[in-house]
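In the form predicted on its own, a lone chain appears below as structure tokens.
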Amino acid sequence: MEEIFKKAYEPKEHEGVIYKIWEESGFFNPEKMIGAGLTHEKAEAYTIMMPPPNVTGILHMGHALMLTLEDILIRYHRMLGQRTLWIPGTDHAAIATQARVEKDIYKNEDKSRYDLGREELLKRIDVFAKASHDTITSQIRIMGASCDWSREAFTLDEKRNFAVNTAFKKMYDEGLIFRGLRVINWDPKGQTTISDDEIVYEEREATLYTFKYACDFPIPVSTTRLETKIGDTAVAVHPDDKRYQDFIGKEYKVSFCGEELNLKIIADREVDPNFGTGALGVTPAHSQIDALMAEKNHLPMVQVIDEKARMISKNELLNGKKVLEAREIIANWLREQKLLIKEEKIKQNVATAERTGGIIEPLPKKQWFVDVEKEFVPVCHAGATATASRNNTDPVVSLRDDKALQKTSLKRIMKKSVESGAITILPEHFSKIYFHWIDNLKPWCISRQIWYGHRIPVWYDEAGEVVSVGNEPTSAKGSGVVMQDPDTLDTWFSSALWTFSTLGWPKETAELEIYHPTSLLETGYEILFFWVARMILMSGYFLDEVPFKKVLLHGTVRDAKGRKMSKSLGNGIDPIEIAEKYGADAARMALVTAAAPGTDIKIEENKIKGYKHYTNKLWNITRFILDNTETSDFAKLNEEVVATTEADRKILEEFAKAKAKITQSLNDLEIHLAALEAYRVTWNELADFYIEASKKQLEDPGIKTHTQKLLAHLLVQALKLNHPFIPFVTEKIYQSLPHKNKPLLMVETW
């Protein structure tokens, strides 16, 4: 027996060394496995693309959970002998990363991005992103992730940039990407547009004002945003509201707080007759709903708030004021004019930007959009096939409509991908949420007014006309006549290509043929719409196939009281500090055993400490077995063993049941149940029951040799069953057993 087993297991002494052995073996790469004869080249492929962590800092417990769940599945399928690929990567996370660097620059140098200029700011961001990337990839290794580092990708690297530009051009040429003037979500703090999905609603107290525009104006209205009323061009009422029937279609000129307004009374079924006065002041430039009303009724659009959330007004008292100041000025004016009928305090959901916390201002701006409803005749783009699956024997469901040349839309592609059963979302109730989101999906605004990210590949002449899309025109170089669009693309546009851009698309590669569609996407339920749905959109459009066959959604990692972890609460747990203190295996077990699909989990340090005892228990089991056996080659212990005693029969039966249950649970993606079963059979059955029973059997010369062999056999089986969950300690033990070939447990047969 090796000396190391004579003392307690110390994870930090072994985990780094073990990971280095794994990585240097090359067996994270499925082709190396094939070359070593450990996997057959015709074996079924099992592929996962790692959801790329943002290069904005360090990993948190949510990342640790994701890495743990995916690594468990990868290790299991690798041991099954499948052609197993897990591609790692990081995301440039444009808005978040630029905001973080800008904040640091302003704090340290009192300078804005405009003081530095685009080129200098991008240099600073690149340095920050590189340092963050290096930290993150180091942390991924600490958690034991057995991903193929030779294929690592970054959403903003050269290959992904080529894929993004190719995708943009193809969609532009098909008319699915367009530029138009629309009311969008503007983040004054981040100085950029954001999508509907990047909005966080916060409940805040507000004042609901009920007022009349003028003494002789017939209809009072209610609003919480008085400052926008100088941009009103109509008042909308419900067509069935009997109070206002006689006014529909009439127009009124009023003088309102220094602005001359022309208000038309219109009828619209979107108006709630039971809210406020049942009448709505229509501000087309500062509300997406009002903009639709204005379009239907041919109303003008008057912008009264700018990009810095300051007023645009002919009234000097209002012009240039912040919106909250302007609100109070108008409220005072209404009071003076005796037009303010009522003020009442209410609770209101305020739209804020997820990344910066800025209050959203709906503004009319010319932006780039993906048209999800436009109909088109699908064409088979590069790398596409819809006849047979490339990585198993299941047929691929074509995402085109049934008739060969029948038109479809991106919305229908997204819906059919799940509706047809080509993709299974787990837990199942998230499918209903997915369909509801698609049914309400509007054109996707993909342009962002920031400098970091994939720059929109469109060039204009001096007149503002598009002269090139996808590639810089030759005439642009050095001429100064042609200008590239200054905006960048929404981060989710590039990450939506992740499953196939990481496999060489837009080129037709062997990897794309073998590993796509991927087997599984495992990610947090909070990005079902941000990322999952958009990957389905892109893969369906470009490849006419789904990007993955199953989606497994995990919940949010919370503290012991069920609170979300945050800096403000001071309740965060650093997974790397935990790994340093108790070992990555303990952290992994604490996370996975609580991670029922789709549900939030509670985690506390004491629970992690408890699983440190589990790794040490396995260590002690090994010490006992090595002390009491004379087996010279553990590699031969896969042969059938026979029960001699009742205890033998029971333990073999328990291990057979455990292996079947763990296997079935992993196949069903009930990973927490698999981990709990591995724990049960190891601690309760092997340690508490059989090792105690074996002590007496080892004293019986008639069955001693058999008991020794069975103990050695059970140890190997326990190491295999536990390996996906606690890979470091199991690998260290396996490497320390008497072997003639010194194999890696990581590539042993399940």
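Because the structure is a prediction, the values reported are computed rather than measured. Note that residue numbering follows the sequence shown and begins at 1. If you superpose the two forms and keep the largest set of C-alpha atoms that fall within 1.5 Å, you have the rigid core.
Not pictured, yet referred to below: the form predicted together with the RNA.
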**Fill in**
Testing 482 to 490, 253 to 261, 116 to 124, 270 to 278 against the RNA in the predicted complex with a 4.5 Å heavy atom criterion leaves exactly one stretch, namely 270 to 278
**Complete:** The one residue among 345, 338, 432, 242 placing a heavy atom within 4.5 Å of the RNA in the predicted complex is 432
**Request:** Using heavy atoms only and a 4.5 Å cut-off, determine which of 716, 38, 687, 703 is in contact with the RNA in the predicted complex.
**Result:** 687
**Request:** Establish, in the predicted complex, whether 415, 720 and 736 all lie within 4.5 Å of the RNA, using non-hydrogen atoms for the distance.
**Result:** no
**Item:** Exercise: residue 301 in contact with the RNA in the predicted complex, heavy atom 4.5 Å
**Value:** no
**Prompt:** residue 466 near the RNA in the predicted complex, any heavy atom under 4.5 Å?
**Reply:** no
**Asked** Though only this chain appears here, would residue 8 touch the RNA in the predicted complex if you measure heavy atom gaps against 4.5 Å?
**Response** yes
**Request:** Could you confirm whether residue 229 comes within 4.5 Å of the RNA in the predicted complex, counting heavy atoms only?
**Result:** yes
**Prompt:** Out of 600 to 618, which residues reach within 4.5 Å of the RNA in the predicted complex, heavy atoms considered?
**Reply:** 602, 607, 612, 613, 616, 617
**Prompt:** Any chance the CA of residue 244 moves 2 angstroms or more between the shown form and the other one, core superposed?
**Reply:** yes
**Prompt:** Core aligned, does the CA of residue 650 move at least 2 Å between the shown form and the other one?
**Reply:** no
